[in-house]
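One chain comes next, on its own, written out as structure tokens in the form predicted on its own.
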Amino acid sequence: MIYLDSAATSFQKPPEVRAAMLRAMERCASPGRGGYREAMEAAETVYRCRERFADFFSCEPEQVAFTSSATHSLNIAIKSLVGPGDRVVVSAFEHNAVMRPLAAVGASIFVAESKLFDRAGTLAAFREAVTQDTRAVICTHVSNVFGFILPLEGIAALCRERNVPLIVDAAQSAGILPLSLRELGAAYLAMPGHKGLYGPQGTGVLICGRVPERTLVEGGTGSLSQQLEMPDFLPDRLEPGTANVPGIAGLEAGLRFVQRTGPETVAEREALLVRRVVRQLERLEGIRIFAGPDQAGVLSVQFSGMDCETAAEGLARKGIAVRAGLQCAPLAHAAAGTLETGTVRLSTSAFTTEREIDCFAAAVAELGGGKKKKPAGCPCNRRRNQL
């Protein structure tokens, strides 16, 4: 299988992730719940991961709260800050992990309307939308549909200037693009463990620039057990119940892999792969390509005369895994004019190869999305024919 759906989850993991999880399952009990060896090893495993995240994202270890996903993290951040009727400004490219919690709390949502791949226009739209009565700004760092890298640093500076809390959805950028809680001055950075951080599914992180005013879930923390209220300090306030120690161990190993490989190296390679496939798809007729100058390792395309689900099924029959439809981000599709049709999305990772990208382009040509302007063929097939 050629896996090109890493924006959903990174499927190929570094081998040390599996090893770390197995070790935790064999040697760790519940952290913070006992003084015996297995409980202490669990506590050390969790704290070691907390320290690594603190170093990577420029914060203190206690500001790192473990969750089950970026969605879980965003729900905590949003529902701790926003109440009914509060004015919240969001980008035009937000995921439903942002929009649905805002709708659930009854927030007054204002979209900073801007065009795809227009960083200057996006920042200008935020400048106009963020007013004195804005309760919070929420912005995705990278569009999960189009790979558009939003001007996060400028938006963060605007929020600091106007004293408005900023929540960053780093689902597509954590582990790939620079992110510093200290430099951004954000209220929260929300991220999954299972995408660019190469941890297992069911892991997430919320980097907290403040102690949440309200909690999403309450329960035992192993601290202040005599009181009914949740502790008012981090990370205990956000981590009731037993921690996912095997998942956290795998997450720490995933981040260790990212640090060893170098996030700049991963980002540059993913961008190169996207540019490579764009050059090949531009040779085909009947293919609409959503590409721009500020783009991460995510690319959306449309086929002339073929709906996106049918195209994705055709690619799956050729052994290529992609994502079709609205990708849980109808707001982004509305901004790009693809709300009625959706797109076929490919997304890369540190493990994606040039050969796989070339095979994708050749498969698109073979699907009949349009006539070839130049001959194309899959190098994998050519190699198999030579064997």
Partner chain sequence: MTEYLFTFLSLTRAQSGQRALQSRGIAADLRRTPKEMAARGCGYSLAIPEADLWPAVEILREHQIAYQAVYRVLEGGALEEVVL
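All values reported here derive from a predicted model rather than from experimental measurement. Positions refer to the first chain, counted from 1.
Below, we turn to the form predicted together with the partner chain, even though it does not appear here.
Looking at 339 to 347, 353 to 361, 56 to 64, 326 to 334, the stretch with residues near the partner chain in the predicted bound form, meaning non-hydrogen atoms within 4.5 angstroms, turns out to be 56 to 64. Though the partner chain is absent from this view, in the predicted bound form it lies within 4.5 Å of a heavy atom of just one residue from S304, S223, T265, T131, which is S223. Listed residues G292, P235, G121, P178 were compared with the partner chain in the predicted bound form; P235 is the one with a heavy atom within 4.5 Å. Taking the partner from the other structure, the partner chain in the predicted bound form has no heavy atom within 4.5 Å of any heavy atom of G319. Under a 4.5 angstroms non-hydrogen atom cutoff, the partner chain in the predicted bound form has A43 among its neighbouring residues.
Using a 4.5 angstroms limit between non-hydrogen atoms, E38 is distant from the partner chain in the predicted bound form. By the criterion of a heavy atom within 4.5 Å, E26 is excluded from the residues contacting the partner chain in the predicted bound form.
Contacts of stretch 24 to 58 with the partner chain in the predicted bound form, defined by any heavy atom lying within 4.5 Å, are made by P31, G32, R33, G34, G35, M40, A43, E44, Y47, R48, R50, E51, listed in sequence order.
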